[in-house]
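Here you get one chain, nothing else, as structure tokens; it is the form predicted alone.
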Amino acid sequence: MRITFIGHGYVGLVTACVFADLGNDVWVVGHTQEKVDKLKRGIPLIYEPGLEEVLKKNLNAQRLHFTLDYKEGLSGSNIVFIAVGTPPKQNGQADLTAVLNVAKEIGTHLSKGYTVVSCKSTVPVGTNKKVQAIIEETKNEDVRIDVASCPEFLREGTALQDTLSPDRIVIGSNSQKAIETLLELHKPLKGQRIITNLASAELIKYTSNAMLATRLSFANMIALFAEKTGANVEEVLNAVGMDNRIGSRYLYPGAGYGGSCLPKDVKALIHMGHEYGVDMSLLQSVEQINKHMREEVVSKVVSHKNIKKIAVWGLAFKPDTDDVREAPAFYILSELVKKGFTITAYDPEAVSTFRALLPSGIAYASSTYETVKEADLLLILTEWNEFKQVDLQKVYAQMAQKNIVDARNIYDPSTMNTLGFSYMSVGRTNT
């Protein structure tokens, strides 16, 4: 098939590369000359393990093409995927400006014949009907379209594998022909097929992310309780996760959730609920706990007396990505800068993206050991494997004071105390 993706972020670029690797003729329409030029040279715009290799492979095979020209990108396409951002407005509502603008461009530039227009962007219920109405208003008479919703469930850091072997593939449409076309495209991929209407497909993505966020905030609530009572949150949640009705995934404490999906999708679902008169207090509490966990990390740092220089390991919201959108590190470090601490930070991939958001008040190091040199306290905010495998005795020797606040629980408290560190983690006693 010939497929077009509008947008080359995480969803658009990764999915385009996978479908090209499966033998399709894939076009990606971008909106920035510099970015399109980089992609044409095989330089991915994001860090994702394995992505660069797949990108270059399919560029060389001439199955993957990048362009700024909608007419070139859409010409003869069987399926067009909308994969642009839907960032939150200040009130939490999803900003559909890019999606609706893209719909106009699609309607204007589609060539004659039949095309399925499928939205991969996470959009509120009813958005695909708006997309269809815009395309119908702007297209030529000899153009026939059906609209579908095909939400993505990619995790940054494992996005390629998640595309090839998803838990499920959701296809929502009121057109059987569109459903059959999308089923044919997805034949090589694993995962259970869920066929539904447009509204259900749109709501499935928000509901999934809201549930994941709820589990994380639930785990953090229990962690706070464990700290007050002397319980060990990891022992508690490990036992809870063994219940087959519950499971262990996304049931771990830390500094709170972040990234491009969970924060904005929880906000958007809260806003949608209010629009329909639904009590959304559960998700409002999920948000509040998430905010509180970041404040707790700051409190643990400032509880140490006579410290000035703080070393920080981890800026990305999770390991194996350079994404810092809504990362706990952004709030935490901003607060510590305001309080007058000297901060040196390191992340294996996210320094440049983080520096763009927080350009002043922080120095950036190029290695773990350089970061901790003469530091009074080490703050761990992302659970990169690199941090789990460091020589802790060398870290101890480098630091001026031997304080660690581990907001991701990557070390064993008893081991850290044996080494001589003053160690604080989340939901666990210090011994």
Ligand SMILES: NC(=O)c1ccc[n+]([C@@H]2O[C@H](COP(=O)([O-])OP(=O)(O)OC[C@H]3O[C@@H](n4cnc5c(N)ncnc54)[C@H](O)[C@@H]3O)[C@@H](O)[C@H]2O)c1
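Numbering starts at 1 and runs along the sequence shown. These figures come from a predicted structure and were not determined experimentally.
Form predicted together with the ligand: not shown, discussed below.
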Open item on the list: Quick check on K56: any heavy atom within 4.5 Å of the ligand in the model of the complex?
Closed with: no
TODO: Answer with yes or no whether D347 is in contact with the ligand in the model of the complex, where contact means some heavy atom within 4.5 Å.
DONE: no
TODO: Spell out, yes or no, whether the shortest heavy atom distance between G427 and the ligand in the model of the complex is within 4.5 Å.
DONE: no
Task: 4.5 Å heavy atom contact, E152 and the ligand in the model of the complex - done: yes
Open item on the list: Quick one: I6, A98 and E156 and the ligand in the model of the complex, is every residue within 4.5 Å by at least one heavy atom?
Closed with: yes
Open item on the list: Looking at T163, S260, S208, T181 here, can you tell me which has any non-hydrogen atom within 4.5 angstroms of the ligand in the model of the complex?
Closed with: S260
Open item on the list: If the cut-off is 4.5 angstroms on heavy atoms, which of these, A83, L333, I310, L110, is the one near the ligand in the model of the complex?
Closed with: A83
Task: One stretch from 244-252, 291-299, 118-126, 347-355 that, in the model of the complex, holds residues within 4.5 Å of the ligand by heavy atom - done: 118-126
Open item on the list: Just to make sure I understand: among 49-78, which residues lie within 4.5 Å of the ligand in the model of the complex, judging by heavy atoms?
Closed with: Y70
